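One chain follows as structure tokens, the form predicted on its own.
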């Protein structure tokens, strides 16, 4: 990449101004590996290349899932060890998410046994200061020292958890346990003159602990280097081999499962309902294939459609739409071993009663019954997300945003004055 003036330097990377964009930087990963706040340092030829490759692949996944990151492009084969990122004002806080007690946490908390599982995930903050060995900070300290606002701290904690959950899902697909994860954030300018919080810096094999099959003895991460005394050339070769394995594994994170949703309608009049389902599915990156078939009028044709969809590559989840009866849902459910979601149209007669709400719907005709099209799409996406990290990430991000909307609405409601001059409760 073309690079302008150097604007910053860390222990393992150098930042340059992008000559074409004032709002972008070029990050060049170095071959250095450090431990003990930089007290221990070695050079592993090619590590910078692996760091850039791992980071770019992770950020591509996070971007595709909908998380806000500073990553723009680069880091792949043609880019060597360079990436293009949005310019950020870095917040000097490391946010660590822990699923299992290990490393420094156990040292700081001798009463906690190594391997203890944290539920919910534990989030910790550390102020970046090598001279003081990155002291742990509370959220209150961060706000008091004006490092970040309370709202920014909350966003960093939420995004760190989301990031962890998405990457943990990706690792679980390979039977690898993500033990903990360290991330950093920056403030980026927005078009309206404000700022937004972005996942920034790098996320590479120095950023986490990963244990295949949940076995610490099989670790693939930087802890291998930390555990060494004075490393020999063969020791460093072994460390590099682990970093190469991780970069290769991370390359599979965003691999799509090929899953899709088969929407089967009882008649063309159900197409508006199907449109809403397909539109909602698209937000999760899920493809919908539509067919019209009747369990009463064209049973053999309906069976043929189910068999064709069942034989397609990738998992299929069915959503059936029938405006007049529940027979189609029962028919499809009996014809396939795949999940079937019935989404009847409001106002239709279903199971001998008029559908006016999702309450008291007949059971035993499908894997599940979901009335609202958007909720039916979400239910199908969750099933496909089991083996597709991109879909999983999009579902998780969508749920996070929906929760925030509810919280914002409640906050707004609570601050609205009532007619008697008192704030509503």
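Positions refer to the first chain, counted from 1. Keep in mind that what you see is a predicted model, and the values were worked out from it rather than measured.
As for the form predicted together with a small molecule, it is not shown, yet the points below apply to it.
- The candidate site formed by 280, 374 and 381 is entirely out of contact with the small molecule in the predicted bound form, as no residue has a non-hydrogen atom within 4.5 angstroms of it.
- Note on the interface: of 307 to 315, 135 to 143, 329 to 337, 89 to 97, the segment with non-hydrogen atoms within 4.5 angstroms of the small molecule in the predicted bound form is 89 to 97.
- Looking at residue 121, you'd find every heavy atom of it more than 4.5 angstroms from the small molecule in the predicted bound form.
- Contact check for residue 208: a heavy atom falls within 4.5 Å of the small molecule in the predicted bound form.
- Within 4.5 Å of some heavy atom of the small molecule in the predicted bound form lies at least one heavy atom of residue 180.
- Residue 226 belongs to the set of residues with a heavy atom inside 4.5 Å of the small molecule in the predicted bound form.
- This chain is displayed alone, yet in the predicted bound form one of 103, 186, 74, 212 has a heavy atom within 4.5 Å of the small molecule; that residue is 103.
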